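Just one chain follows, in the form predicted alone, and it is written as C-alpha cells.
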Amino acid sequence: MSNFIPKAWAHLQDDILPRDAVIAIDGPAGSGKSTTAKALAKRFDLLYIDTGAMYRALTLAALQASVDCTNEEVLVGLASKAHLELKTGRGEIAVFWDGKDVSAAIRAPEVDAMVSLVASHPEVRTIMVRHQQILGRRGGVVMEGRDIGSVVFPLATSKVFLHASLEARVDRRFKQNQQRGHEISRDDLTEDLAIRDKKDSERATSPLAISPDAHVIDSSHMSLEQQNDACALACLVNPALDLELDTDYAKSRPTIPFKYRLPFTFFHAVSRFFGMKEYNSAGKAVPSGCIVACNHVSLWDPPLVGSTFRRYKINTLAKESLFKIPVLGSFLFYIDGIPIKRKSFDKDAFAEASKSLLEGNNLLIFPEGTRRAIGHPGPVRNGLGILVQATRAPMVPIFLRGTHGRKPLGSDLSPLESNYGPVIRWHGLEALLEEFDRKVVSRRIADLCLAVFEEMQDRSYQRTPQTDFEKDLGARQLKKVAAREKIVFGR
C-alpha cells in the first residue's frame, strides 16, 4: 500500500482550506478514522460528522427491537421513521435516536459484530447517504466512513484513505475497548476485524474502496500525532494546487490561436441566445493538459459545452462518422477533433489523445460513449480510465442540463446550464495500481466519474427541481438509449 509523503507540502498554511470545505476520510475499521476526523475538525474549525455512528445507531435499534439484521425491509422501516441526530461536543460525537442519547451503547461489541451487515443493505445505505449529503452540502464538514469519497461526496474538497495493518488496528481497538470497559480478547478482535474487512470490501453496494483521487496514508507505524499531521497536510494539497490555477482570462486571451477565437465567440453567442447559465466556471480555471469530461444527453452538447471554453488548445474525441459529413468533418478537423471508432478499443485515437494531453493540451470527451436519457447519467466507459492511466492528466467534470427543450432567452421546460466541477487529481492512482490490474483501476475511475455526474445532477436539481418535461422525456428516452447502446457497443 502506497503512502502519502507530505514533505513537499510542509510549508502549507491551514488558512488556505476553504471555509466551506468538505473533507472525506475513508478506511477500514480500526484505522483511526474517527480520531483523526475529530482532530481535523478541531484543527480547521469544521463540523465533524461520524457516519459510522448513524449505522451503529440503527444497528442498536434493531438489536433492541429483536429485529433480524438480514431483513432489509424492516431495517428500512426503522431508519425511515426514526429521528436521528448527531451533536458535537467534548469527546466523541453525541448520537441521539428518537431523543435518547445512545452514544455509549452504539460502541458495544454486539453492535460492532452486526453493523457491517446492517450497512450492507442497499436501501438502508440510500436512506443514510441522503441524510449525510444533506448535512454535508452545507459545507464546512469533516465526514468519515467507508464510502464518503467515492459515493457520498465524490466532489469533496479533500479525500484521505486512512489505512493500517490488521495487527495495528487490532491493537488500537483493543485499547479502545479497555478504556470503555468492554471485555473482548485480541483473538476475537482479530477475527471480527478481518470479517468486517471482507464484508465491507465485497458488499455489492458502496464497498470499501480507495477513491482514485484520495491521498492514501498508511498509519501502521505512525504515532497519532504523525497520523493527524499527515492527514492535515493531505487536506491542503488540492486547495494549494487550486491557488496556482490560471484564472486571469483577460491575460490569457491574446495567447489563444485565431482559429479557436472564432468558434469560441460564435458558440458563446449561441449559448447566450438560448439563455444558458454557467456555474462555477469563473475565470475558466481549467488547467492545461486536462481531461474535460462532460455528460451527454443531446446533439447540442458539444457546441454548448464548447461555448464555455475560453482558452488553450483543446482536442475533442468524437465518433468517426461525424468526420465523414461534408463541411462538418472539415470543421472538426480544423478545430483539432480526433475521430474515434466506438465499437472496439481504438488504439490510434487513444494514442493521439494521450500524446496531445502530455503536450499540455486539453481534451474534451463524453465518457458515457453515447447519448443518455435525461436524469439517468452513465454508465461511464473504461476509455476515461485508459487515458488517465496513460497520462495522469487531471479531470474537470462538466454537467450539462437543458440541451433539450431549448428556447430563445431560456426555457421553463428545462433550464439550460453548464455546471463545472472542481479539478480532480488522481492522488490514489499509484496505490490502486499496486493492488489491482489496469482494467479494475479503469473501472474505479469510471465509477468515480459517474458518481460525480450524479452528484452534480443532484445539486442542479436542488437549485432548480427537475421539471415534468425532464421526467417524462427521460422516461421515454430509456428504451431508445438501450437500443442505441446495443448498436454502438454491440451489447
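Here the structure is a predicted model, which means the values were calculated and not measured. For every residue, the number given is its place in the sequence shown, counted from 1.
From this point on, the text means the form predicted in complex with 2'-deoxycytidine-5'-monophosphate (DC), which you will not see here.
2'-deoxycytidine-5'-monophosphate (DC) in the predicted complex is not approached by residue 365, whose heavy atoms all lie more than 4.5 angstroms from it. Remark: residue 372 does not count among the residues lining 2'-deoxycytidine-5'-monophosphate (DC) in the predicted complex, judged by a heavy atom distance of 4.5 Å or less. Put simply, residue 212 is far from 2'-deoxycytidine-5'-monophosphate (DC) in the predicted complex: not one heavy atom of it is within 4.5 Å. By the criterion of a heavy atom within 4.5 Å, residue 52 is counted among the residues contacting 2'-deoxycytidine-5'-monophosphate (DC) in the predicted complex. Contact annotation for the candidate site: 296, 418 and 452 all lie away from 2'-deoxycytidine-5'-monophosphate (DC) in the predicted complex (no heavy atom within 4.5 Å).
Across the options 214-222, 229-237, 119-127, 159-167, residues that bring heavy atoms within 4.5 Å of 2'-deoxycytidine-5'-monophosphate (DC) in the predicted complex belong to 119-127. Taking 346, 242, 301, 200 one by one, only a single residue has any non-hydrogen atom within 4.5 Å of 2'-deoxycytidine-5'-monophosphate (DC) in the predicted complex, and it is 200. Out of the listed residues 342, 107, 311, 404, 107 is the one that sits within 4.5 Å of 2'-deoxycytidine-5'-monophosphate (DC) in the predicted complex by at least one heavy atom. Shown here without 2'-deoxycytidine-5'-monophosphate (DC), the chain has 144, 145, 146, 147, 148 in 137-172 lying with a heavy atom within 4.5 Å of that partner in the predicted complex.
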